[in-house]
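Before any questions on how it binds or moves, here is one chain, the form predicted on its own, in structure tokens.
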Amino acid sequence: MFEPLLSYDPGAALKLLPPERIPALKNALNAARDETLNDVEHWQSGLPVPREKQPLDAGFIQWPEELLADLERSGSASLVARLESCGRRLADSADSLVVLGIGGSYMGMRAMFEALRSPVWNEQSRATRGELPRLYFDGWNVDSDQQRALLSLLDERAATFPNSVHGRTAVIVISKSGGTLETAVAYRNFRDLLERRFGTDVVNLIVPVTGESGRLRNLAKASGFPDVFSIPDGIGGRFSVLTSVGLLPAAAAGLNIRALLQGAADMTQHFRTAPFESNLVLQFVAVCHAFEVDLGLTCRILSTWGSKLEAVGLWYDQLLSESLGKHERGATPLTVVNTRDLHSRGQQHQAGRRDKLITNLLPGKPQLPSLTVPSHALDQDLLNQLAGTPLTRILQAAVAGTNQAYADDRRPTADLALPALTEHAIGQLFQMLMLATVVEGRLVGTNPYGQPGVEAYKQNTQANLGLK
């Protein structure tokens, strides 16, 4: 490991439970861990999957380790190296990159982009961005105004810089089947723009990421794209962030995908080997489960501090909802951003229903030198008493003050802290939350894979449109 692991501290929240409650879950959670790891072996064996375990999409667990081993073994022929090469090609070819996808096909990349890149990335010059592209996301809705606005912006750039990289747009379209309506419709519109503006060179500006079969795979074959990447069988969409789904756009955005994979691999190794008492995944599940079962805290708040981790929370919302929201069971996730939401939802959390477990997601040391409060001759706001105080110190005071306010009213909080916002830490975080979600499913008897409740709206929408 070249960076420390995340840390998890339930702190004063444990005082609300009997002291023996968390230790009492040890045997059950160790068994759930064993079942989770055995699922990988069963999946790899190719043996028939028992009906009660279908689907069994456990491939994400060992995937980062397999990619890293393939990189060491195969070098430039490995999938990691090919993703890096394609990412560089796209970055060199275009100044705007649009990622088309919905749910797990885009939310993980959005989380990485917001956590690891400047919040004003798209407004910076190409030189400031290190010759890397602006990044946009679409295909996750059927909002005509939003899609038209982005298409018009990209069209205008093409007209303004007709023979320059500054006017060029590339597209990564992500869909395992190619039949997801939101993404398929967006792909038609963005491909139309690229064909109109860039002619036959469109084949070099579009990269599909899809399943081995399906509509998008068929379109890719008919189009003759030089690069097409596969979504592995046995890895569901919301667990696919560290496959080509997330790694290709991450590479195009200049992120270190090897560090992402190493962070995830380190977390998997920790999950396998660390004893219950120090195992981040098992302790996280134990606390969440105990508060839900014993005290009825069915609403799980992921309270992100600062502004860069909100999309991580939105990614986790999908992960938890689709994995455990079955059979009229499952906690309800909600992402908030503090200190912003202390002035809105904070009222509900402090004085509303006692149905919430709050986990603070802390970003660690800042990526840039911290701003400080300046002194000023006009001190009617009385802020000279804070002159020279770093904003990071003010944020820390707000975290501690909020935790104390909740603790004083017997409202539980826990801290999940990243060492810093780096690729290695984000890789750890993704893998920890995915593992925790699967373990909790095995603990309570809910299959964490598959999302049958999502299919009804898709079928009804297609029927309303007369689609076959």
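Only a predicted model underlies this, so the values are computations on that prediction, with no experimental measurement involved. Each residue number is its position in the shown sequence, starting from 1.
The same protein has a further form, the form predicted in complex with ligand PA5, not shown here; the description that follows concerns it.
Trainee: So which of 219-227, 193-201, 157-165, 233-241 is the stretch with heavy atoms within 4.5 Å of ligand PA5 in the predicted complex?
Mentor: It is the stretch 233-241.
Trainee: Using a 4.5 Å heavy atom cut-off, state whether Ser177 contacts ligand PA5 in the predicted complex.
Mentor: It does: once ligand PA5 is placed as it appears in the predicted complex, Ser177 has a heavy atom within 4.5 Å of it.
Trainee: Does at least one non-hydrogen atom of Cys288 fall within 4.5 angstroms of ligand PA5 in the predicted complex?
Mentor: Although ligand PA5 is absent here, Cys288 would stay clear of it in the predicted complex, with no heavy atoms inside 4.5 Å.
Trainee: Lys15 near ligand PA5 in the predicted complex, any heavy atom under 4.5 Å?
Mentor: Outside the cut-off, so no.
Trainee: Determine whether any heavy atom of Pro363 comes within 4.5 Å of a heavy atom of ligand PA5 in the predicted complex, and answer yes or no.
Mentor: Judged by the heavy-atom cut-off of 4.5 Å, Pro363 is well away from ligand PA5 in the predicted complex.
Trainee: Under a 4.5 angstroms heavy atom criterion, identify the one residue in Ser78, Ser118, Gln318, Gln124 near ligand PA5 in the predicted complex.
Mentor: Of Ser78, Ser118, Gln318, Gln124, the residue with a heavy atom within 4.5 Å of ligand PA5 in the predicted complex is Gln318.
Trainee: Find the only residue in Glu114, Glu322, Glu292, Asp95 having a heavy atom within 4.5 Å of ligand PA5 in the predicted complex.
Mentor: Result of the distance check: Glu322.
Trainee: Could you pull out the residues of 434-462 that have any heavy atom within 4.5 Å of ligand PA5 in the predicted complex?
Mentor: Result: Gln451, Lys458.
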